[in-house]
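Take a look at this single chain in structure tokens; it is the form predicted on its own.
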């Protein structure tokens, strides 16, 4: 922070001012006390603003991108997986599986570069950067987020569709599905009430794990599209050795994982009555 030519006296004064000359255990305990009080500390980079003032806009940006990407990929991924699972072994199933696997193995930054080349440079339909001007309206923000959201949706489509397909195939072979058919229930009723209800449980788990990735792990996409999200902020904090901001950013990502996992557990209980009954016992 003081530059490569700082004197030992200046370094010692800086460490004493910021408390980094104390034992690591003491610093950690003080940090935990601040977390309990809701104080994440101040950034070490001049002008040393409060950490939350830096994290909040980055977190909001990451949430916007994550929500937009999910609005694209979740419906198409689930529909593709269900469509393939109901037609196991047919050309439709093989086509969706091959396309999904092929898209999933391509890194998101490669997909992003192709989308920029096609939709920004060749066609000129969408902006290259995902960062909009301050005060931009919702429609302008959507235009800027379209390319990174599509890049993420393309990568995640195959993953979600494959898990959904496996769940549908397993549910179709289950005893409760055969019993429902033997009772004379229509096919649409069996699929909607019995197959999909159970097949979507592993899909929810996959979606929950991807939320944390979309919020805090999109370093390549955010760097490529110059988007000031949480992942890029954590990377810049590490490069600048701003450890206060770095630890707070990682903590926020961990909290997001915990919250999303809790929501997924609640969704499991709503979809599967056996979980509620076991919890009651």
Partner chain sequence: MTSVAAVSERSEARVARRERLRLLLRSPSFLIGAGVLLFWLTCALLGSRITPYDPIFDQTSDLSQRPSTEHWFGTDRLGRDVFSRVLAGSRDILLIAPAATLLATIFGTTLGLITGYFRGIADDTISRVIDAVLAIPLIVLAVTVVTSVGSRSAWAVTVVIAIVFSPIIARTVRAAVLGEAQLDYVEAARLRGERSHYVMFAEVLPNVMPPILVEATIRLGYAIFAVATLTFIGFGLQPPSPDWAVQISDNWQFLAEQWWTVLFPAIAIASLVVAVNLVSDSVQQVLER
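Just so it is clear, the structure is predicted and the values come from calculations on it, not from any experiment. Residue numbers count along the first chain shown, from 1.
We do not show the form predicted together with the partner chain, though everything after this point is about it.
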Exercise. Using a 4.5 Å cut on heavy atoms, which of 116, 78, 153, 204 is close to the partner chain in the model of the complex?
Worked result: 116
Exercise. Between the options 136, 98, 71, 142, which residue brings a heavy atom to within 4.5 Å of the partner chain in the model of the complex?
Worked result: 98
Exercise. Quick one: does residue 121 come within 4.5 Å of the partner chain in the model of the complex, counting heavy atoms only?
Worked result: yes
For this session: Verify the contact flag for residue 109: yes if a non-hydrogen atom of it lies within 4.5 Å of a non-hydrogen atom of the partner chain in the model of the complex, no if not.
Result: yes
Problem set entry | 4.5 Å heavy atom contact, residue 213 to the partner chain in the model of the complex | yes
For this session: Tell me, yes or no, whether residue 63 is in contact with the partner chain in the model of the complex, where a contact means a heavy atom of each within 4.5 Å.
Result: no
Problem set entry | Site test, 263, 266 and 268 vs the partner chain in the model of the complex, non-hydrogen atom cutoff 4.5 Å | no
Exercise. Going by the partner chain in the model of the complex, which residues of 241-255 come within 4.5 Å of it through any heavy atom?
Worked result: 241, 243, 246, 250, 253, 254
